[in-house]
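To begin, one chain is listed below as structure tokens, in the form predicted alone.
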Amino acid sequence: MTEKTALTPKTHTTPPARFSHGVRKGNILQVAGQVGFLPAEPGKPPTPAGPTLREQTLQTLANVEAVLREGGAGWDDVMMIRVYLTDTDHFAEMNEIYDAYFDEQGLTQPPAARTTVYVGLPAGLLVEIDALAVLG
């Protein structure tokens, strides 16, 4: 039986409840919803990357990537990305940021993606992203 491994990169704080930033079991890695918090600083609460959608989306993608790397994966291993926005007006801008980011990463085979608009993030946070990777 393959062991399940919880993942918390050094750049992330310990989750406030019983969940992990990511979990790997065998060749499957699930990255839990990440938000645009800057890398963790001991003794300080999490801090958003900034007030703009661009700042938060780029930091959120960096946080997803940190969990992927911690689990031995990269963007090429990602099969599915789910994006959660707090405002429908952010949809077009997020798509531009997302497309440019993955162009810069050299990702030629984009993962399946789904974007949902919901309200449920802590005050000031605009975007959350999770990912499912299958390592080959």
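Residue positions are given as counts along the sequence shown, with the first one as 1. Since the model is a prediction, treat every value here as computed from it, not as a measurement.
In what follows, reference is made to the form predicted in complex with a further copy of the same chain, a form of this protein that is not presented.
Residue 103 versus a further copy of the same chain, in the predicted bound form: is there a non-hydrogen atom within 4.5 Å? The answer is yes: residue 103 has a heavy atom within 4.5 Å of a further copy of the same chain.
Can residue 82 be called a contact residue for a further copy of the same chain in the predicted bound form at 4.5 Å between heavy atoms? Residue-level check for residue 82: yes, a contact with a further copy of the same chain.
State yes or no: in the predicted bound form, is some non-hydrogen atom of residue 32 no more than 4.5 angstroms from a non-hydrogen atom of a further copy of the same chain? Result yes; residue 32 sits at the interface with a further copy of the same chain in the predicted bound form.
Please run the contact check for residue 39 against a further copy of the same chain in the predicted bound form: heavy atoms, 4.5 angstroms, yes or no? Residue 39: no contact with a further copy of the same chain in the predicted bound form.
Heavy atom within 4.5 Å of a further copy of the same chain in the predicted bound form - qualifying residues of 103 to 129: In sequence order, 103, 109, 110, 111, 112, 113, 114, 115, 116, 117, 118, 119, 120, 121, 122, 128 come within 4.5 Å of the partner.
Can you tell whether residue 112 sits closer to or farther from residue 105 in the predicted bound form than it does here, judged by CA atoms, where the change is 3 Å or more? Closer in the predicted bound form, by 3 Å or more.
In the predicted bound form, do the Cα atoms of residue 77 and residue 112 sit closer or farther apart than here, given a shift of 3 Å or more? It is closer: in the predicted bound form, the C-alpha atoms of residue 77 and residue 112 lie at least 3 Å nearer than they do here.
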